[in-house]
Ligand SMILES: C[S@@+](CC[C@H](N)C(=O)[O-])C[C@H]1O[C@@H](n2cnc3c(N)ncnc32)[C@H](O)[C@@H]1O
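In the block that follows, a single chain appears as structure tokens, in the form predicted on its own.
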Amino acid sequence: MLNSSFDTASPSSMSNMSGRWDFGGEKEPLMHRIHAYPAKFPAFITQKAVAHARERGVEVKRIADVFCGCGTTALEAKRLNTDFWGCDINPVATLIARVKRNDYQKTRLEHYLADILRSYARRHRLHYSPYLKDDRLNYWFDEGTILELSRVKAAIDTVPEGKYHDFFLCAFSNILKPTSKWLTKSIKPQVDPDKKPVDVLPAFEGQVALMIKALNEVSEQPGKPTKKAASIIVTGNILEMDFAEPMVDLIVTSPPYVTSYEYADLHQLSSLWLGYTDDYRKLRTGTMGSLYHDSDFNRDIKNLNATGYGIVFQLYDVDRRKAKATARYFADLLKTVRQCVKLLNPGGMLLFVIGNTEYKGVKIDNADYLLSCLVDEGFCEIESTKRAISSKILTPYRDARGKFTTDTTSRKVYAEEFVVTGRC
């Protein structure tokens, strides 16, 4: 049975948690910032989610994130010495998440870095690289930069396979946009004709130094665990996975927003350089919220409840393509909830951070649709709390070029989002 916090949906019931999810109580560890990633939710959400679940009697032994992205939940679960299971459809995301979750020996990292630099130096006469054949990379990089990046990448590949190889690949991935013509901090792929790309090797060495500093900061936190928490991070689509039995106590996640980001496009440089694909557009397939996601409108609307149906047909009157993408997104969000039911142990809790969007005057109320899905799937103790977007990077305004800005005269995009919780 649902509790009164959802049944009444009154202002007083919503205010019981007012402010709880707005700000954290500590400075976010540097490890969360080792790689740029769009739309990260604040790290403190996971810590507060665990406290929230325990206050309601949930014994949290394993945390999951079904859209794990760059590993925010994974790292916070590690700091809590809690087992973790996560997945993401994007291989760049799961690379970053694994690196954040892994433990490393500083002396071995320094040893491998020295090997990489020696290997790089031996390739000083490199005049050709197979990456020069890639038209997409030639669009973003000049020939000299491609050759320099090729030298670094080849040197990294001399590191034995495993987590240390991943560490240096992650560092390499994060220098690709600064060394390219990509418009800095843009939320869509754009060339900056005035940009002077940074030099490759200093950027790589600086990135590795930053990551080692971040590791030292995390390892120096008080209270070393007596037992190392387990972690599984897989690359795959949560919508297509089979779960033989429940295995987690708390899910903390943030699904993509409909038609807001094309993650495959935003990660195209890393996907191509790291060999995850020969055509980044292939990685759009199956991605929730993508305009390019395969859909069958007639099939999708049959899976929607009244809340979703109403939103989709308001959109249909102004933009049929957006309406079809939204119908696909809503159908996938419902399937996500059903997958969470399979993952959660009896009495377990899920927490979604989700925001609403707007298109040509039509409000796409993702939070309200998610709430209706939780009700339909039998969740109880459902709560929905509005939280202010507190990130200084993710401001609610964008300028004409799509960059985030603090200019309040610019286009307003997001000023708030919702924390939605429920018990299985």
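The first residue of the sequence shown is number 1, and the count goes up from there. Bear in mind the structure is a predicted one, so any value in this text is a computation, not a measurement.
The following text describes the form predicted together with this ligand, which does not appear among the structures shown.
Distance criterion of 4.5 Å from any heavy atom to this ligand in the predicted complex singles out Ala39 from the list Val60, Leu30, Ala39, Cys380.
Between the options Ser254, Thr82, Ser173, Gln207, the residue in contact with this ligand in the predicted complex by a heavy atom within 4.5 angstroms is Ser254. Partner proximity in the predicted complex, defined as non-hydrogen atoms within 4.5 angstroms of this ligand, places exactly one of 83 to 91, 106 to 114, 121 to 129, 273 to 281 at the interface: 83 to 91. Put simply, Gly355 is far from this ligand in the predicted complex: not one heavy atom of it is within 4.5 Å. Of the heavy atoms in Gly308, none are within 4.5 Å of this ligand in the predicted complex. Shown alone here, Thr287 lies within 4.5 Å of this ligand in the predicted complex, counting heavy atoms only. Using a 4.5 angstroms limit between non-hydrogen atoms, Tyr263 touches this ligand in the predicted complex. Residues of 229 to 255 that come within 4.5 Å of this ligand in the predicted complex, judged by any heavy atom, are Gly236, Asn237, Ile238, Leu239, Ser254, Pro255 in sequence order.
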